[in-house]
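Coming up is one lone chain in structure tokens, specifically the form predicted on its own.
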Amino acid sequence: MSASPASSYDAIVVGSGPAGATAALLLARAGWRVAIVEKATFPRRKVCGEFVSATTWPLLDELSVGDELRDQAGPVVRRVGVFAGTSIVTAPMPATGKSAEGGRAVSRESLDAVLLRRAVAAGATLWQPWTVTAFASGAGRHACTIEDRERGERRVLEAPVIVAAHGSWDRGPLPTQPHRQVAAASDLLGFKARFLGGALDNDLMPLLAFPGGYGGMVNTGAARVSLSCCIRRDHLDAARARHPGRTAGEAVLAHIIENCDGVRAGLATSSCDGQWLGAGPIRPGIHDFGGDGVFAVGNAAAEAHPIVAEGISIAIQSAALMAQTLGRFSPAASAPAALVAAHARYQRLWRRNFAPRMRASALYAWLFMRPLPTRLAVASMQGFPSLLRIGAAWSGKSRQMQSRGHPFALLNAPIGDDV
């Protein structure tokens, strides 16, 4: 396998999920020469809750994809809920103050493809399906060796800026990519399936609480209900032992149904649409923002516990935050000192906007994975349903992006010093 001469860009985006495609689209619009490297072939299914919060839809409209995605999305979610044991508690979704429309679920097959197509239309160059196999830095530039293994081709791409938009568990040569870790009983493994003929109320998105894990359900459109969840490795092993002969996903569903009457009722007349997907272990927490011209976005930077259903929104919003920060500079001005300043600014704004969601997600995950705290929390919510609405607001469902304590106009913000 031989490599051709290096191709030069202003930025190389590694990964074209919601974060990568958003970053590529906005940088291309700002006049940057952008390369996108994506190893998967689209459309693709992903282990993902697929919910896009109300606060993100105005940004999707600014990206010129909002209307197209609405046509493919599920119904507006107006209520949140908790299914735990025999208890079912619901409450209205907190208001956002700006978007009365509300959040919706969008399949990753649709969301990823639409955003990526828009990025390419804006001028980004797409390398798909190509994989980054080597990474080197020097003299203020980065070199990514990429390979198309099916065709036996290799290329080298160079740029002063790398946008790391890979998954949180995707291993590879980038400094932001994780190393292989030893399996542990406490590892959280993700699962997802869609069901036809379910009985979940169209406007409801419930949290599923069960021993050793948590999950969520939402209507994704086309008469389908999506169920996504995380479960500890040791509880998964126990579930598989109780249900021999079933796949891992089927054993997880049986474990959930044993502990959530709401799920049992919601899926009683349904059939699984396709196979269960599995992934992980997930890595909740703040990971690595990069440095030296490498900017991490989406799950590469940090991953909230999926219990708050904010993963897609944080991915898209963090990418827009990063792109707006870099867009203050012309590509020719991407000198090391300017990139250091941009990176510091991006980190500060990221923490201001997303750290509260990270803390809320960690608290809720701890609370709802344990039977006793779950019973106490559900009893409190039954007496005071407004607590459920408050909890949803803390998770970020109603919080607009902020800069200096004011709403942050992601795509039209002035270039002044606002940090």
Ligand SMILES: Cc1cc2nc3c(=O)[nH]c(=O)nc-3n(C[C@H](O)[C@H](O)[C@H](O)COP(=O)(O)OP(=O)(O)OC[C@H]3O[C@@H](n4cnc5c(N)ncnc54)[C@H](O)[C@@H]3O)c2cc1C
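One-based numbering along the sequence shown. Keep in mind it's a predicted model, so treat the numbers as computed, not measured.
One more form of this protein should be noted, the form predicted in complex with this ligand, which is absent from this view; the next part is about it.
**Student:** At the 4.5 Å heavy atom threshold, is I282 in contact with this ligand in the model of the complex?
**Tutor:** Flag for I282 set to yes.
**Student:** Considering non-hydrogen atoms and a 4.5 Å limit, does this ligand approach S16 in the model of the complex?
**Tutor:** Yes, S16 sits close enough to this ligand in the model of the complex that at least one of its heavy atoms falls within 4.5 Å.
**Student:** Since only the chain is shown here, I'm wondering whether A165 would be in contact with this ligand in the model of the complex (any heavy atom pair within 4.5 Å).
**Tutor:** Yes, A165 is a contact residue.
**Student:** At 4.5 Å between heavy atoms, is R29 in contact with this ligand in the model of the complex?
**Tutor:** It does not: once this ligand is placed as it appears in the model of the complex, R29 has no heavy atom within 4.5 Å of it.
**Student:** Let me test this: is every residue among V80, S87 and F210 within 4.5 Å of this ligand in the model of the complex, going by heavy atom positions?
**Tutor:** No: none of V80, S87 and F210 comes within 4.5 Å of this ligand in the model of the complex.
**Student:** Which of L253, C230, A323, A193 has a heavy atom within 4.5 Å of this ligand in the model of the complex?
**Tutor:** Answer to the contact question: C230.
**Student:** Of these, N219, T96, Q177, N259, which has a heavy atom no more than 4.5 Å from this ligand in the model of the complex?
**Tutor:** In short, Q177.
**Student:** If we take heavy atoms and a 4.5 Å cut-off, which stretch out of 239 to 247, 193 to 201, 124 to 132, 150 to 158 is in contact with this ligand in the model of the complex?
**Tutor:** Heavy-atom contact with the partner occurs in 124 to 132.
**Student:** So which residues in 33 to 70, when you check this ligand in the model of the complex, have a heavy atom no farther than 4.5 Å from it?
**Tutor:** Stretch hits, in order: V37, E38, K39, A40, R44, K46, V47, C48, G49, E50, F51.
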